[in-house]
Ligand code: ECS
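The chain below stands alone, shown as structure tokens; this is the form predicted on its own.
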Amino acid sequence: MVQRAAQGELALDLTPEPRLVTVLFSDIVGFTRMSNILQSSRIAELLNEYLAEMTRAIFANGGTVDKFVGDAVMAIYGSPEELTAQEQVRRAVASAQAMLKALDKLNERWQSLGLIGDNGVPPVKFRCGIHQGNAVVGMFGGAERSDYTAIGPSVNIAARLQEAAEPNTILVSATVAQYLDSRMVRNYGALKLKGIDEDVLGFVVSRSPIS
């Protein structure tokens, strides 16, 4: 996006403003158990390896990495680059599927190094929540420190969907599911999410794209 902006192909306004965005929130299950066995320096190395792979998957599908929170990753679609609602969903889901695939490869590598498997530590698993809605997006902070981020209920719903997801699944809201091929989604039912007043209807998305 920086290159496109420099070439005059894309104008970026980072002033906080309401935008329709799609938020992807992911986390991994099982990393704590691995960290109890390994030295802190090794854990830092593996965590950075994981975050790097997740970032590549998001960037490859046109997303913006908003932040890392421990081993959690938040990405947004539709800001700063404007996208249609359907294109936001397409990119977010493609990112999540690519992240799952990348994690499979990381588990294979970590098993070959003896970090999981025979030592009793199970493979690291992945959970992801995706929701689309309005949020205030832009630069927040002051002269000494500021971050580009999204705030609002839509972010909270994506994070709570991630918490409600089964390991190794992608859980999306009905708002997101409406843009997906019906063969890709399975109704997960109404969910009572922490901090969210109304029930949210969830749908599980297949791990792989429909050919």
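Everything numeric here is computed off the predicted structure, so don't read it as measured data. Residue numbers run from 1 along the displayed sequence.
Although it is not shown, the form predicted together with this ligand is what the next lines describe.
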Legend entry - 69, 159 and 162 each touching this ligand in the predicted complex (heavy atom, 4.5 Å): yes
Legend entry - Position in contact with this ligand when the complex is considered in the predicted complex, options 74, 106, 121, 98, heavy atoms within 4.5 Å: 74
Legend entry - Of 29, 155, 184, 46, the one that lies within 4.5 Å of this ligand in the predicted complex (heavy atoms): 155
Legend entry - Residue stretch of 176 to 184, 162 to 170, 56 to 64, 140 to 148 approaching this ligand in the predicted complex, non-hydrogen atom distance within 4.5 Å: 162 to 170
